[in-house]
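Only one chain comes next, encoded as structure tokens, the form predicted on its own.
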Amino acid sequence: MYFASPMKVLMVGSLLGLVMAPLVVQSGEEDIIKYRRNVMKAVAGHMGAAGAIVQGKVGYKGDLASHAGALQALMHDIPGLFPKDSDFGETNALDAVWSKRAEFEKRAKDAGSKAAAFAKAAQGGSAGAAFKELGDTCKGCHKDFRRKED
């Protein structure tokens, strides 16, 4: 039976670590992009459902507060979804997210505040104006910080 010397095991392990480390880091970086895309898809879904309720297209008025609360929760830290060095791969985020970071963070904070105002208004039953303000805020941010889809 052949047993590798501890030195050979250490050398092979070290080499594997050097080769695999970039792959692990890359995987982690790609995971934040996947996570970000999923959160933003969830935001879009709740906006679409809430919009249908607010516009009277569907009769699920009892669900409006749930959608508004989900939007508030999902939008509480939008800048956290765009950490440094996550500006690659399959993303619709424009470089301006990182190059104009202060403006992006200001606008994202505003969106979070508008989502909170919408959630509060939805509890009271008159959420139309708050929903419109939130939608306008989202559109403005997308205009400057999101690549247009084909």
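A residue's number is simply how far along the shown sequence it sits, counting from 1. Note that this is a predicted model, so its numbers are computed, not measured.
What follows is about the form predicted in complex with a small molecule, which we do not show.
K.L.:
With a 4.5 Å heavy atom cut-off, would you call residue 132 a contact of the small molecule in the model of the complex?
P.N.:
No - in the model of the complex, heavy atoms of residue 132 and the small molecule never come within 4.5 Å of each other.
K.L.:
Please tell me whether any heavy atom belonging to residue 113 falls inside 4.5 Å of a heavy atom of the small molecule, as the geometry stands in the model of the complex.
P.N.:
Residue 113 lies outside the contact set for the small molecule.
K.L.:
Taking heavy atoms and a 4.5 Å cut-off, does residue 40 contact the small molecule in the model of the complex?
P.N.:
Yes.
K.L.:
Tell me, yes or no, whether residue 108 is in contact with the small molecule in the model of the complex, where a contact means a heavy atom of each within 4.5 Å.
P.N.:
Result yes; residue 108 sits at the interface with the small molecule in the model of the complex.
K.L.:
Which among 85-93, 62-70, 49-57, 120-128 is in contact with the small molecule in the model of the complex, heavy atoms within 4.5 angstroms?
P.N.:
Result of the contact check: 85-93.
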